[in-house]
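In structure tokens, the next block holds one chain alone, the form predicted alone.
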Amino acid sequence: MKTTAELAIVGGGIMGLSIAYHLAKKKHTDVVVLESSYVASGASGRNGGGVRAQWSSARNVRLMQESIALCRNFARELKVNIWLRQGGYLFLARNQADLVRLEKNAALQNQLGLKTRLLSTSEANQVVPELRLDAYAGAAYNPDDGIVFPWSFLWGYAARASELGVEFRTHEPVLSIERGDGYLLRTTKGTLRAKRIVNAAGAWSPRIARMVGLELPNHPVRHEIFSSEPLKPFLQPMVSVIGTGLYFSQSMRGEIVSGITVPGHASCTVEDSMKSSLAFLEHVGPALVSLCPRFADVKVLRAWAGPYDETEDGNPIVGAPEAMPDFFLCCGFSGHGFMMAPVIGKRYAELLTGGGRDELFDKWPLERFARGQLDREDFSIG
């Protein structure tokens, strides 16, 4: 194992892997990725795999347009099938206020080239006939949004980055970091001296930051998900109810994959955020059956949980703090890091190799929280 490296990436989730791959692609391979468990052990390996460009800000729409384009090319570039299925995202509005939000977002998205359409409930039923929409006000649908298979996405990045020369060290938690001539990282298996660090540890990133005397405002929120027995394929889009967090899709093998925001799960430790609960099934079951009655007799095969790494304004923390220019942050993606990882990894590789500084590093710095200059995103729509 290396004892020195130009760059240490702490965190073997989707962000760390994407950054490592895009650096290696630019022939910058003096990189070590440190992961406390196995690749995809945290939130990245526990999500529903949704990728969408339906956002409420122009910046995020453009980022996701590029990210989806990168997803389309993933299998060709990395020789791994991520099972990208562009069946669209169908957002459902429960009331007129929700519908106004969707209308505003759709107008922006259309200006930026998305095919988002506002639908009446009867038109939404043409997209998914099985939905019971008597109590809903309308919907928004973009046919180019989609779903990928999370694990092959992660493995593809890790395998190709490793082939290109990046060193991966799994089951090796970082115990402490000392600042001096660069950084000295002490792990359970030895030490690593690095000139620069990227903290891509997601919900665990505040712990890593405290090792260098830095406090971060992101925090874990537990979200749970289940997978059912396989059904004959009938569902093309991801269906999501704005304001409740309820969503469901169907996998390539026919399983229904669904989750919902559970009241009372907002405050927890990062360890508790990885624990599934009976309360989740009690909450998601009635909500799902009310919306799609055919699920009443479907058997749940397994359920699991993982943390959303949330910030106050729903946007991530990126770039290096002003007082620590060689300690880069890539965290706080508020449940949307998986879908943004392809484009964020690409932008980070450009920044770290001197190829240019994207505006997102100026829009989403750590300092915005202390200055009260938050960049709020309407992230409650999915």
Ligand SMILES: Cc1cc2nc3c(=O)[nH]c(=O)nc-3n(C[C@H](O)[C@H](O)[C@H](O)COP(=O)(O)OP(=O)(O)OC[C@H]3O[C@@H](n4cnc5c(N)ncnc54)[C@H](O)[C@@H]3O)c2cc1C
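Bear in mind that the values here come from a model prediction, so they are computed numbers and not experimental data. Numbers follow the displayed sequence, beginning with 1.
Just so you know, the form predicted together with this ligand exists too; it's not on screen, but the next bit is about it.
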Quiz item: Among 128 to 136, 170 to 178, 68 to 76, 283 to 291, which stretch sits within 4.5 Å of this ligand in the predicted bound form, heavy atoms only?
Solution: 170 to 178
Exercise. Name the residue from Gly319, Pro316, Gly345, Gly49 that puts a heavy atom within 4.5 Å of this ligand in the predicted bound form.
Key: Gly49
Quiz prompt | this ligand: the contacting residue among Ile208, Ile82, Val166, Ile256 in the predicted bound form [heavy atom, 4.5 Å] | solution = Ile208
Practice problem: Report yes if any heavy atom of Leu34 sits within 4.5 Å of a heavy atom of this ligand in the predicted bound form; otherwise report no. | Solution: yes
Quiz item: With the cut-off set at 4.5 Å between non-hydrogen atoms, does Asn60 touch this ligand in the predicted bound form?
Solution: no
Quiz item: Taking 4.5 angstroms as the cut-off for heavy atoms, does Pro307 touch this ligand in the predicted bound form?
Solution: yes
Quiz item: Does Phe328 make contact with this ligand in the predicted bound form, using a 4.5 Å heavy atom cut-off?
Solution: no
